[in-house]
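Presented below, as structure tokens, is a lone chain in the form predicted alone.
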């Protein structure tokens, strides 16, 4: 739809009407506002994305099957089915790591985010510094620090309690999550209109009561989409734990390749893991987009 501009506007034809694409401009403006609230580009995911991914994997697997048949080896599908139970256990372990890291990072991030809006300058500046430091630090570097700096065992009351690597990985992944959740909380609190604070003050609420009973309940709807987007990113980042020796799905995949000693198994094996992650994260991304539309903030 085009809207004609005012007549007599100085243009190429002199006095001719100029077409103005208002709907497209408004649509782009709304999209930029949603991306600014989300803090990242908004992805448009469709059901056909999964179909294209499965088609590509079927083509690669078919090519590998043909190579295996030509070399007189065991079919790829039978080799994969033999290792599926073990690999799926590793994938579930990735999900457990992501859930625990997200839970720990969310708790710490909410506290750190509320410290960023503190009225005391030392608390506000120190929490801002911690947030920016861990938010911009590489996730893999934080994992290495946690793996090698945290003790391998804890001695208490004459007992030695082992401190496994997967717990260190959870702590390492929760640090950047904490920083990002802190920024989400700070941004959500700042987006609440000042009239809410003034109304709470007129009702004799103190600052803590205002934050916990009035401000934060209104922030939940605004924080939920970016929080879910962060969880999807964290889930895909759990494969970094394989570099530091945690026995998750990628570590088990390398062991499977070493046990089979077959190069033609490489693409189908990692493709199957890719589909698992896509099937798990795709509904989260779609739900995030729906929540963005449902709880869109009118600016």
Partner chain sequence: MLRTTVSVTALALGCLLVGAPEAQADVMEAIKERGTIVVGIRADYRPYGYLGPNGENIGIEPTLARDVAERLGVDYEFVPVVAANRMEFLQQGRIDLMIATMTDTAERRRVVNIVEPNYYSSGTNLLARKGIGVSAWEDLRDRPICAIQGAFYNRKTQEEFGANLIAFTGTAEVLTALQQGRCQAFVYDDSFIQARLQEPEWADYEMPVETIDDAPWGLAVAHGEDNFYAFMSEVIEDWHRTGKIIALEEEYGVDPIPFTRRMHEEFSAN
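Because the structure is predicted, anything quoted here is derived from the model rather than measured. Residue numbers count along the first chain shown, from 1.
Not on display, but discussed next: the form predicted together with its partner chain.
The closest non-hydrogen atom of residue 95 lies beyond 4.5 Å of its partner chain in the predicted bound form. Among residues of the shown chain, residue 114 is not one whose heavy atoms approach its partner chain to within 4.5 Å in the predicted bound form. Taking the partner from elsewhere, residue 178 is found to have a heavy atom lying within 4.5 Å of its partner chain in the predicted bound form.
Although the partner is absent here, residue 220 sits far enough away that none of its heavy atoms falls within 4.5 Å of its partner chain in the predicted bound form. The partner is absent here, but in the predicted bound form a heavy atom of 266, alone among 58, 51, 274, 266, sits within 4.5 Å of its partner chain. Interface residue among 103, 86, 137, 199, judged by heavy atoms within 4.5 Å of its partner chain in the predicted bound form: 86.
Residues with any non-hydrogen atom within 4.5 angstroms of its partner chain in the predicted bound form fall in just one of 185-193, 202-210, 149-157, 224-232: 149-157. Residues of 96-135 that come within 4.5 Å of its partner chain in the predicted bound form, judged by any heavy atom, are 108, 112, 115, 126, 130 in sequence order.
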